[in-house]
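Next up: a single chain in C-alpha cells, the form predicted alone.
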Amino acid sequence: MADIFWWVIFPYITVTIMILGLLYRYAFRQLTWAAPSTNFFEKKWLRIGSPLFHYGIVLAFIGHVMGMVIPMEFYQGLGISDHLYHIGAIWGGGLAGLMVVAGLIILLIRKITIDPVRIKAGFADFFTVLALLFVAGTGTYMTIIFNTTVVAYEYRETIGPWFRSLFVFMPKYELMSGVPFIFKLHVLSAFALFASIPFTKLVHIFSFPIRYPARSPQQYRSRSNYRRQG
C-alpha cells in the first residue's frame, strides 16, 4: 500500500497541485508571474552564483531527459555501451550538479549576508533555495559518490520506466520497490518541489525568455545623478 501511495498517488497529487496552482496564478495573480532581479542591491556574487545555477540546471535538465525519458534501448541501438553511458553520466551529471549546488550556495549566502537582499527576501525565497539545494545535493551525491563508491546503479531499468509509465497513466510502481533509498528520496523531493512551484518565484521557469541571450542588458541609473535632457 505504501508503494502505491508514494509511486502512484503522490506524484499525481504534486503534479495536479502544480498545474492547478499555475493556472490560478496566471489567471488571478499574473503580475506576480516573475522573479524580480536583485541586481540593483548587489552585483558581484549574483554574477557568479546566478550563471552557475542557471547553466547548471539546464545541463541537469538535459541529463535527466537523456536518462529518464529516453529508453536505454535507444542507446544500445546506437552502440553506446552501459559502461560508456555511465562514464558520461557521472562526468556530465557530476559537473552539472556541482554547478547547481555551488550556484545555490553562493545565492543563499548572498541572501543571508547582504542586508538589502535579505530584507527583500521572504520565506518562499529561502524555501526555494533550500529545497533546490536539497534536491540538487542528493542528485549530485548519487552521481558522484554513490555511483562511484557503492554501485553504478542502473536507474534506466527501474526509475526511468516507472517515470515514463506515469505519462500513460499505467504506473509501474513495483519497479521502485528495490530502488536505493537515496534515489527514492531524490525523486520524492523533486516531486514535492514541483508542487511548490506555483507558490514561489520558480514559476518563472515556465516563461523562459527565448530572446534573453540576445537581448540588450537592462540599465540601472541613480536618480541623484540623472539630468533631464531638453
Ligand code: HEM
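None of these values were measured; they are calculated from a predicted model. Note that residue numbering follows the sequence shown and begins at 1.
One more form of this protein should be noted, the form predicted in complex with the ligand, which is absent from this view; the next part is about it.
J.: Choose one stretch from 105-113, 85-93, 70-78, 118-126: the one whose residues place a heavy atom within 4.5 angstroms of the ligand in the predicted complex.
T.: Careful reading of the contacts points to 85-93.
J.: Decide yes or no: are W6, S165 and L185 jointly within 4.5 Å of the ligand in the predicted complex, with each residue judged by its heavy atoms?
T.: Not a single residue of the candidate spot has a heavy atom within 4.5 Å of the ligand in the predicted complex.
J.: Only one of V203, L46, I57, M66 comes within 4.5 Å of the ligand in the predicted complex by heavy atoms, so just point that one out.
T.: Checking each option against the ligand in the predicted complex, the one that comes within 4.5 Å is I57.
J.: Since only the chain is shown here, I'm wondering whether L175 would be in contact with the ligand in the predicted complex (any heavy atom pair within 4.5 Å).
T.: No, no contact at 4.5 Å.
J.: Would L193 count as touching the ligand in the predicted complex under a 4.5 Å heavy atom rule?
T.: Flag for L193 set to yes.
J.: In sequence order, which positions of 110-139 have a non-hydrogen atom within 4.5 Å of the ligand in the predicted complex?
T.: Contacting residues: L132, V135, A136, G139.
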